[in-house]
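This document starts with one chain, in the form predicted alone, laid out as C-alpha coordinates.
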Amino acid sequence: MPPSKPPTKPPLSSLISTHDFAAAFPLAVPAKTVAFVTSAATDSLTCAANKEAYASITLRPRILRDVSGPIALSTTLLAHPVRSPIYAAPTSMGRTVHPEGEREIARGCVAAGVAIVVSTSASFAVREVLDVVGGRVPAFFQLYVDRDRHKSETVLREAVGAGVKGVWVTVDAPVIGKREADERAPLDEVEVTTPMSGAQAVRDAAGGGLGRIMGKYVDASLAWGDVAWLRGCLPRGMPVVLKGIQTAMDAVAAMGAGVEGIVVSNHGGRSLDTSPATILVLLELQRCCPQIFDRMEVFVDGGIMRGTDVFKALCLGAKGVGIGRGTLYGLGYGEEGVKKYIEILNDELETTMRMCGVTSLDELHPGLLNTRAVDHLIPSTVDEEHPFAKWRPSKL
(Lines give C-alpha, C1' and ligand atoms only; values in the text may rest on other atoms or scores of the structure.)
Protein backbone atom coordinates (compact mmCIF):
# COMPACT_ATOMS: atom_id res chain seq x y z
CA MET A 1 0.00 0.00 0.00
CA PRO A 2 1.25 3.51 -0.74
CA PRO A 3 2.15 5.48 2.36
CA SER A 4 -0.71 7.57 3.69
CA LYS A 5 -0.42 11.31 3.32
CA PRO A 6 0.13 13.27 6.52
CA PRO A 7 -2.95 15.14 7.70
CA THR A 8 -3.26 18.67 6.41
CA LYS A 9 -4.77 21.78 7.90
CA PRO A 10 -8.52 21.86 7.23
CA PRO A 11 -9.94 24.80 5.30
CA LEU A 12 -10.96 27.80 7.37
CA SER A 13 -14.50 27.53 6.05
CA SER A 14 -14.88 24.14 7.77
CA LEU A 15 -14.17 25.48 11.28
CA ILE A 16 -17.31 26.32 13.21
CA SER A 17 -16.12 26.38 16.83
CA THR A 18 -13.09 27.44 18.83
CA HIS A 19 -12.47 23.75 19.50
CA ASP A 20 -12.13 23.23 15.75
CA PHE A 21 -9.38 25.85 15.71
CA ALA A 22 -7.61 24.17 18.62
CA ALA A 23 -7.75 20.81 16.83
CA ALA A 24 -6.42 22.32 13.60
CA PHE A 25 -3.56 24.20 15.26
CA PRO A 26 -1.07 21.27 15.39
CA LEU A 27 -1.60 20.80 11.64
CA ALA A 28 -0.79 24.43 10.90
CA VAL A 29 2.45 25.10 12.78
CA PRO A 30 5.72 23.38 13.83
CA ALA A 31 5.64 20.97 16.75
CA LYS A 32 7.76 23.34 18.85
CA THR A 33 5.20 26.10 18.36
CA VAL A 34 2.42 23.73 19.43
CA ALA A 35 4.36 22.86 22.58
CA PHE A 36 5.03 26.51 23.41
CA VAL A 37 1.47 27.72 22.84
CA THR A 38 -0.47 24.86 24.40
CA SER A 39 1.81 24.01 27.32
CA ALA A 40 0.94 24.96 30.88
CA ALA A 41 2.65 24.80 34.26
CA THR A 42 3.63 21.37 35.64
CA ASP A 43 0.51 19.15 35.76
CA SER A 44 -1.67 21.66 33.86
CA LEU A 45 -4.34 21.49 36.56
CA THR A 46 -5.04 25.21 36.58
CA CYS A 47 -5.16 25.29 32.80
CA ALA A 48 -7.87 22.61 32.91
CA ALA A 49 -9.64 24.21 35.88
CA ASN A 50 -9.99 27.50 34.02
CA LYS A 51 -12.28 25.73 31.55
CA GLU A 52 -13.95 23.32 33.98
CA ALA A 53 -15.02 26.09 36.35
CA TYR A 54 -16.99 27.78 33.58
CA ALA A 55 -18.78 24.49 32.92
CA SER A 56 -19.68 24.19 36.62
CA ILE A 57 -21.54 27.52 36.54
CA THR A 58 -24.93 27.13 34.90
CA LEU A 59 -27.27 29.62 33.27
CA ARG A 60 -30.74 30.70 34.42
CA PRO A 61 -32.54 31.53 31.15
CA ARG A 62 -35.45 33.96 31.21
CA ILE A 63 -38.34 33.36 28.82
CA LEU A 64 -41.01 35.35 27.00
CA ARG A 65 -38.80 38.41 26.60
CA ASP A 66 -38.77 40.27 23.32
CA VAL A 67 -35.31 39.55 21.94
CA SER A 68 -36.18 40.08 18.29
CA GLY A 69 -34.19 43.29 17.96
CA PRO A 70 -30.47 43.70 17.39
CA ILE A 71 -28.03 42.62 20.09
CA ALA A 72 -25.79 45.41 21.37
CA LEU A 73 -22.28 44.08 22.06
CA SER A 74 -20.55 47.43 21.76
CA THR A 75 -18.90 48.77 24.90
CA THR A 76 -15.82 50.66 26.03
CA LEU A 77 -12.52 49.43 27.44
CA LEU A 78 -10.79 52.11 29.51
CA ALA A 79 -13.10 54.67 27.84
CA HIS A 80 -12.24 53.54 24.29
CA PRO A 81 -15.13 52.25 22.16
CA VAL A 82 -15.05 48.69 20.80
CA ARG A 83 -17.57 46.54 18.96
CA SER A 84 -17.30 43.69 21.49
CA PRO A 85 -16.04 43.13 25.06
CA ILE A 86 -13.75 40.40 23.71
CA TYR A 87 -10.16 41.51 23.21
CA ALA A 88 -6.89 39.96 22.06
CA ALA A 89 -4.89 39.30 25.22
CA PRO A 90 -1.11 39.73 25.01
CA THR A 91 0.68 36.76 23.49
CA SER A 92 4.34 36.16 22.76
CA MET A 93 6.40 35.39 19.68
CA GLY A 94 3.64 35.42 17.11
CA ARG A 95 6.05 34.80 14.25
CA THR A 96 6.39 31.20 15.41
CA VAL A 97 2.78 30.86 14.17
CA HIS A 98 2.64 33.21 11.18
CA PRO A 99 5.31 35.28 9.37
CA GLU A 100 3.45 38.49 10.20
CA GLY A 101 2.84 37.50 13.82
CA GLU A 102 1.30 40.23 15.94
CA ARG A 103 0.85 42.47 12.93
CA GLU A 104 -1.52 39.88 11.50
CA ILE A 105 -3.32 39.57 14.85
CA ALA A 106 -3.76 43.34 14.73
CA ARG A 107 -5.30 43.11 11.26
CA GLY A 108 -7.77 40.53 12.52
CA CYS A 109 -8.65 42.70 15.52
CA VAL A 110 -9.23 45.72 13.31
CA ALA A 111 -11.50 43.65 11.07
CA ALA A 112 -13.45 42.43 14.11
CA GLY A 113 -13.50 45.85 15.81
CA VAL A 114 -11.90 44.64 19.05
CA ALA A 115 -8.99 45.84 21.18
CA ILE A 116 -5.51 44.35 21.14
CA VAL A 117 -2.90 44.20 23.90
CA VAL A 118 0.63 44.03 22.47
CA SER A 119 3.17 42.06 24.50
CA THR A 120 6.73 43.04 25.39
CA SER A 121 7.58 39.59 23.98
CA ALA A 122 5.97 40.27 20.61
CA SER A 123 7.89 39.38 17.46
CA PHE A 124 7.68 42.98 16.29
CA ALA A 125 8.35 46.34 17.90
CA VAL A 126 5.22 47.99 19.27
CA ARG A 127 5.27 50.71 16.62
CA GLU A 128 5.29 48.10 13.85
CA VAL A 129 2.11 46.61 15.29
CA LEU A 130 0.40 49.93 15.93
CA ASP A 131 1.17 51.08 12.40
CA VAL A 132 -1.14 48.25 11.28
CA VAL A 133 -3.81 49.24 13.81
CA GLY A 134 -3.77 52.82 12.58
CA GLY A 135 -5.92 54.01 15.48
CA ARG A 136 -8.95 52.06 14.26
CA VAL A 137 -9.24 50.01 17.47
CA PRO A 138 -7.73 50.57 20.92
CA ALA A 139 -4.24 49.15 21.32
CA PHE A 140 -2.71 48.69 24.76
CA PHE A 141 0.82 47.64 25.73
CA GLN A 142 1.68 44.78 28.07
CA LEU A 143 4.90 45.26 30.02
CA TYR A 144 7.19 42.64 31.49
CA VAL A 145 9.43 44.75 33.71
CA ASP A 146 13.10 44.24 32.90
CA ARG A 147 15.73 43.84 35.61
CA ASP A 148 17.43 46.72 33.83
CA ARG A 149 14.77 49.32 34.46
CA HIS A 150 16.29 51.67 31.91
CA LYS A 151 15.34 49.16 29.21
CA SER A 152 11.75 49.13 30.41
CA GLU A 153 11.69 52.92 30.48
CA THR A 154 12.91 52.99 26.87
CA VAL A 155 10.26 50.49 25.77
CA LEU A 156 7.56 52.48 27.55
CA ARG A 157 8.61 55.68 25.78
CA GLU A 158 8.44 53.85 22.47
CA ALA A 159 5.01 52.44 23.29
CA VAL A 160 3.64 55.82 24.32
CA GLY A 161 5.13 57.42 21.23
CA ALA A 162 3.52 54.76 19.07
CA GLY A 163 0.10 55.65 20.46
CA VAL A 164 -0.87 52.95 22.99
CA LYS A 165 -3.91 53.78 25.09
CA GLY A 166 -2.73 52.21 28.34
CA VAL A 167 -0.09 49.98 29.92
CA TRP A 168 -0.88 46.53 31.33
CA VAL A 169 1.85 45.30 33.68
CA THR A 170 2.15 41.56 34.17
CA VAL A 171 2.43 40.81 37.89
CA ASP A 172 1.81 37.05 38.10
CA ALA A 173 5.13 35.92 36.64
CA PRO A 174 8.12 37.09 38.74
CA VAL A 175 9.67 33.89 37.41
CA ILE A 176 8.53 31.72 34.51
CA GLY A 177 6.44 28.66 35.31
CA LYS A 178 7.74 25.17 34.57
CA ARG A 179 6.13 24.13 31.27
CA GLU A 180 7.34 20.64 30.64
CA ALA A 181 5.98 20.12 27.13
CA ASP A 182 7.75 23.31 26.05
CA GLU A 183 11.00 22.20 27.69
CA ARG A 184 10.95 18.80 25.97
CA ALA A 185 10.22 19.98 22.44
CA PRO A 186 13.42 20.64 20.41
CA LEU A 187 14.23 24.29 19.96
CA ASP A 188 15.79 23.94 16.53
CA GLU A 189 12.43 23.99 14.72
CA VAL A 190 11.94 27.72 15.20
CA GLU A 191 14.13 30.80 15.21
CA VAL A 192 12.95 33.28 17.79
CA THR A 193 13.88 36.82 18.74
CA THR A 194 11.82 39.47 20.49
CA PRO A 195 13.01 42.97 19.57
CA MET A 196 11.51 44.82 22.53
CA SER A 197 13.02 42.55 25.20
CA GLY A 198 16.16 41.76 23.21
CA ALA A 199 15.87 38.08 24.16
CA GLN A 200 17.01 35.28 21.86
CA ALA A 201 16.13 31.61 22.08
CA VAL A 202 19.16 29.43 22.84
CA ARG A 203 18.74 25.99 24.41
CA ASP A 204 20.43 25.54 27.78
CA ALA A 205 21.06 22.68 30.19
CA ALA A 206 17.53 22.84 31.60
CA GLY A 207 15.88 22.23 28.24
CA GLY A 208 14.40 24.18 25.37
CA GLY A 209 11.50 25.99 27.01
CA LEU A 210 10.81 29.12 24.99
CA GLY A 211 8.89 30.78 27.81
CA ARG A 212 11.66 30.25 30.35
CA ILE A 213 14.56 31.09 28.07
CA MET A 214 12.93 34.17 26.61
CA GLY A 215 11.77 35.41 30.03
CA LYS A 216 15.09 35.47 31.87
CA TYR A 217 15.17 39.26 31.79
CA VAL A 218 11.99 39.65 33.91
CA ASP A 219 12.51 41.51 37.20
CA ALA A 220 11.52 39.36 40.18
CA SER A 221 11.94 42.34 42.53
CA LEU A 222 8.85 44.14 41.17
CA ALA A 223 6.74 45.27 44.13
CA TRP A 224 3.77 47.50 45.01
CA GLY A 225 6.02 50.51 45.46
CA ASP A 226 6.99 50.28 41.80
CA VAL A 227 3.56 51.47 40.69
CA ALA A 228 4.82 54.98 41.44
CA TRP A 229 7.92 54.34 39.30
CA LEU A 230 5.69 53.18 36.48
CA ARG A 231 3.50 56.29 36.75
CA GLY A 232 6.62 58.38 36.48
CA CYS A 233 7.46 56.74 33.17
CA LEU A 234 4.10 57.58 31.62
CA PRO A 235 2.29 60.76 30.66
CA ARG A 236 -0.33 62.04 33.10
CA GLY A 237 -3.63 60.25 32.59
CA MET A 238 -2.22 57.15 30.91
CA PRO A 239 -4.19 54.20 32.37
CA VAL A 240 -2.29 51.51 34.25
CA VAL A 241 -3.69 47.97 34.52
CA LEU A 242 -2.23 45.19 36.68
CA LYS A 243 -2.46 41.83 34.92
CA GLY A 244 -2.41 38.72 37.08
CA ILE A 245 -4.68 39.39 40.07
CA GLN A 246 -5.67 36.09 41.74
CA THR A 247 -7.00 37.06 45.19
CA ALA A 248 -9.34 39.62 46.68
CA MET A 249 -6.44 40.84 48.85
CA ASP A 250 -4.43 41.89 45.83
CA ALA A 251 -7.47 43.38 44.10
CA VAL A 252 -8.00 45.63 47.12
CA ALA A 253 -4.29 46.49 47.14
CA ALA A 254 -4.50 47.39 43.44
CA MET A 255 -7.43 49.68 44.18
CA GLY A 256 -5.39 51.29 46.94
CA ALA A 257 -2.50 51.78 44.53
CA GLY A 258 -4.81 53.83 42.32
CA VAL A 259 -4.54 51.82 39.11
CA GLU A 260 -7.29 52.10 36.54
CA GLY A 261 -7.84 48.40 36.01
CA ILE A 262 -6.93 44.84 36.87
CA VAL A 263 -6.88 41.62 34.88
CA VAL A 264 -7.98 38.54 36.77
CA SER A 265 -5.52 36.12 35.21
CA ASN A 266 -3.29 33.15 36.01
CA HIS A 267 -1.37 33.39 32.75
CA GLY A 268 -3.59 30.76 31.17
CA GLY A 269 -2.40 28.27 33.76
CA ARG A 270 1.17 28.78 32.59
CA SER A 271 2.66 30.30 35.77
CA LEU A 272 1.68 28.58 39.03
CA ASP A 273 -0.20 25.31 38.84
CA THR A 274 -3.13 24.83 41.27
CA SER A 275 -3.70 28.59 41.42
CA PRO A 276 -7.45 29.30 41.25
CA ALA A 277 -9.54 29.30 38.10
CA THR A 278 -10.08 32.89 37.02
CA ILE A 279 -13.89 32.79 36.98
CA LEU A 280 -13.73 31.68 40.63
CA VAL A 281 -11.54 34.69 41.42
CA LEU A 282 -14.21 36.92 39.88
CA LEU A 283 -16.68 35.34 42.29
CA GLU A 284 -14.23 35.95 45.16
CA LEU A 285 -14.08 39.64 44.25
CA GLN A 286 -17.87 39.83 44.14
CA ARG A 287 -18.11 38.23 47.60
CA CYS A 288 -15.19 39.87 49.39
CA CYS A 289 -14.61 43.26 47.79
CA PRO A 290 -17.48 44.22 45.46
CA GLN A 291 -16.53 47.89 45.74
CA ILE A 292 -13.63 47.38 43.35
CA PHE A 293 -16.01 47.03 40.42
CA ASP A 294 -17.04 50.67 40.97
CA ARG A 295 -13.46 51.90 41.30
CA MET A 296 -11.60 50.04 38.55
CA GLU A 297 -12.31 48.22 35.33
CA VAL A 298 -11.99 44.47 35.83
CA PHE A 299 -10.90 42.24 32.97
CA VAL A 300 -10.52 38.48 32.91
CA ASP A 301 -8.82 35.85 30.75
CA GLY A 302 -8.12 32.13 30.90
CA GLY A 303 -10.18 29.18 29.74
CA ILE A 304 -12.69 31.03 27.56
CA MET A 305 -13.76 28.71 24.76
CA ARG A 306 -17.45 29.50 24.26
CA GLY A 307 -19.75 32.47 24.08
CA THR A 308 -21.42 31.14 27.23
CA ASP A 309 -18.07 31.56 29.01
CA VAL A 310 -17.89 35.20 27.89
CA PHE A 311 -21.47 35.71 29.06
CA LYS A 312 -20.72 34.26 32.52
CA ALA A 313 -17.65 36.45 32.98
CA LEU A 314 -19.60 39.57 31.99
CA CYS A 315 -22.43 38.65 34.37
CA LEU A 316 -19.90 38.51 37.20
CA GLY A 317 -18.62 41.99 36.53
CA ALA A 318 -15.88 41.65 33.91
CA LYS A 319 -15.67 44.67 31.63
CA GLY A 320 -13.68 42.80 28.99
CA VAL A 321 -12.76 39.20 28.28
CA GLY A 322 -9.31 38.37 26.92
CA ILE A 323 -8.47 35.60 24.47
CA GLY A 324 -4.84 34.44 24.47
CA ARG A 325 -4.19 30.97 23.06
CA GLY A 326 -7.30 31.29 20.91
CA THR A 327 -5.89 34.33 19.16
CA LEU A 328 -2.86 32.26 18.22
CA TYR A 329 -5.08 29.38 17.07
CA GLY A 330 -6.79 31.84 14.76
CA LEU A 331 -3.44 33.24 13.66
CA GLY A 332 -2.68 29.84 12.12
CA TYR A 333 -5.07 31.03 9.40
CA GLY A 334 -3.83 34.62 9.31
CA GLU A 335 -5.99 37.71 9.62
CA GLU A 336 -9.14 35.91 8.50
CA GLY A 337 -8.60 33.20 11.11
CA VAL A 338 -8.23 35.72 13.94
CA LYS A 339 -11.34 37.53 12.78
CA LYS A 340 -13.38 34.33 12.46
CA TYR A 341 -12.31 33.07 15.89
CA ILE A 342 -13.57 36.29 17.48
CA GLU A 343 -16.74 36.28 15.38
CA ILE A 344 -17.57 32.73 16.49
CA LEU A 345 -17.41 33.84 20.13
CA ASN A 346 -19.45 36.96 19.37
CA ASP A 347 -22.13 34.91 17.61
CA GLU A 348 -22.32 32.46 20.51
CA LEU A 349 -22.49 35.36 22.98
CA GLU A 350 -25.39 36.88 21.05
CA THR A 351 -27.24 33.55 21.03
CA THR A 352 -26.69 33.14 24.77
CA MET A 353 -27.98 36.63 25.46
CA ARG A 354 -31.17 36.04 23.47
CA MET A 355 -31.74 32.71 25.18
CA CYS A 356 -31.38 34.44 28.56
CA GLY A 357 -33.79 37.20 27.60
CA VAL A 358 -31.39 40.14 27.25
CA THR A 359 -30.29 42.22 24.28
CA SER A 360 -27.58 44.53 25.63
CA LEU A 361 -24.54 44.11 27.86
CA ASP A 362 -25.89 46.45 30.53
CA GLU A 363 -28.69 43.94 31.20
CA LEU A 364 -26.24 41.20 32.25
CA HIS A 365 -26.15 40.53 35.99
CA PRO A 366 -25.16 37.73 38.42
CA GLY A 367 -28.77 36.59 38.82
CA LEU A 368 -28.59 35.05 35.36
CA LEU A 369 -26.15 32.49 36.76
CA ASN A 370 -26.36 29.60 39.19
CA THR A 371 -22.98 29.38 40.95
CA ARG A 372 -23.98 27.05 43.78
CA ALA A 373 -21.81 24.22 42.48
CA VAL A 374 -18.70 26.32 43.13
CA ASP A 375 -19.77 28.71 45.89
CA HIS A 376 -18.17 26.51 48.56
CA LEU A 377 -14.79 27.06 46.88
CA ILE A 378 -14.93 30.85 47.25
CA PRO A 379 -13.14 32.52 50.19
CA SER A 380 -15.45 34.60 52.36
CA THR A 381 -13.10 37.36 53.56
CA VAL A 382 -10.27 39.51 52.29
CA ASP A 383 -8.08 38.36 55.17
CA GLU A 384 -4.98 36.31 54.44
CA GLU A 385 -5.67 34.11 57.49
CA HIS A 386 -6.72 30.51 56.89
CA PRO A 387 -10.17 29.84 58.38
CA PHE A 388 -8.84 27.25 60.84
CA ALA A 389 -5.20 26.27 60.22
CA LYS A 390 -2.89 28.39 62.37
CA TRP A 391 0.44 29.83 61.29
CA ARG A 392 3.19 28.93 63.71
CA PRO A 393 6.34 30.72 62.61
CA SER A 394 9.48 28.90 63.58
CA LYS A 395 11.29 30.30 66.60
CA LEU A 396 14.56 28.58 65.66
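Everything quoted here is computed from the prediction, not taken from an experiment. Residue numbers run from 1 along the displayed sequence.
Not pictured, yet referred to below: the form predicted together with a small molecule.
In terms of contact with the small molecule in the predicted complex, the residue from 253, 78, 176, 288 that brings a heavy atom within 4.5 Å is 176. Note on the partner interface in the predicted complex: the residue among 137, 93, 156, 242 having a heavy atom within 4.5 angstroms of the small molecule is 93.
Taken together, 85, 311 and 352 are entirely out of contact with the small molecule in the predicted complex: none brings a heavy atom within 4.5 Å. Stretch 264-272 is the contacting one of 264-272, 290-298, 108-116, 70-78, since its residues have non-hydrogen atoms within 4.5 Å of the small molecule in the predicted complex. Taking the partner from elsewhere, residue 101 is found to have every heavy atom lying beyond 4.5 Å of the small molecule in the predicted complex.
Contact check for residue 215: a non-hydrogen atom falls within 4.5 Å of the small molecule in the predicted complex. Although the partner is absent here, residue 211 lies within 4.5 Å of the small molecule in the predicted complex, judged by heavy atoms.
Interface membership of residue 121, defined by any non-hydrogen atom within 4.5 Å of the small molecule in the predicted complex, is confirmed.
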